[in-house]
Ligand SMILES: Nc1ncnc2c1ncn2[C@@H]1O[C@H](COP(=O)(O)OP(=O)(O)OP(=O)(O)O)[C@@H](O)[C@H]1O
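For reference, the chain that follows is the form predicted on its own, supplied as structure tokens.
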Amino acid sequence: MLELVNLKKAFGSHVVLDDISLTVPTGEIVSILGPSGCGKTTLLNVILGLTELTSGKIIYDGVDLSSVPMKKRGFNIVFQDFALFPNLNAYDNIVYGLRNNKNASTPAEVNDLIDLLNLREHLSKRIDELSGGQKQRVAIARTLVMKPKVLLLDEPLSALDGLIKESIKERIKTIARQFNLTTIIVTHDPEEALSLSDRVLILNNGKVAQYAEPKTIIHAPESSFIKDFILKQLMIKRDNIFRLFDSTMPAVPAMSYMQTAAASA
């Protein structure tokens, strides 16, 4: 379990995160959502250990990691731009971190991940030969082979469109469930957050506006800010998202089309 306790981050006199407290049960997917400048990326970097806290605690399975260096926390991140090595092929990117870490994945486990992410036919390709969805899957595989305790994703779907985006969403869900992997995602897209996550953390001006299950945010928003930021945007896409949380609407069609999208994602 990951616990954030009274987190504060200030750059000089500018407070970016102000008294952030929440608990993330092991294996859950949590999205961090909010307008530009609300502190989403700073919070992700604080959890990772890339940015030092001003005050507060980050606790994982009862151990205080607040002062533990990033490399020793056991968390790992997939950056928005994938950060793949262009001089290496897909396979060499995936296994790059294993050379100096004997406690990470075995060759058999690497092969299982390659199959789970449907990457086998792309292993020998250069990075510039891969589609956006394929690059995303390689970046996820490279992170997962290191067996992170917590997986952090920074805008993982922002560069993807349509069926490819839906395919990656389903893969993220599968990974979190199969590996019981706590997953934290930064996103600017309310529909993405609500359809992908077990819980959503909404930030506003560095503070927690609401932290709840998607259906609670839809049916019981705690402030006018949430109504304005979330619900007005979602009303435009009502057929896509409200069916997930409204039993009076017809069921969402089966996702069998995902198999077709997966091949090109």
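Quick note: we count residues from 1 along the sequence shown, nothing fancier. Predicted model only: the values in this text are computed from it and were never measured.
Another form, the form predicted in complex with this ligand, is not on view; read the next lines as being about it.
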Lys40, heavy atom within 4.5 angstroms of this ligand in the model of the complex: yes
In the model of the complex, Val16 touching this ligand (heavy atom, 4.5 Å): yes
Partner contact for Lys125 in the model of the complex: this ligand, 4.5 angstroms, heavy atom: no
This ligand contact at Ser224 in the model of the complex, heavy atom, 4.5 Å: no
In the model of the complex, the residue from Ser131, Asn118, Gln80, Ser195 that sits within 4.5 Å of this ligand by heavy atoms: Gln80
In the model of the complex, the residue from His188, Lys147, Lys173, Arg73 that sits within 4.5 Å of this ligand by heavy atoms: His188
Segment assignment from 52-60, 29-37, 210-218, 65-73: heavy atom within 4.5 Å of this ligand in the model of the complex: 29-37
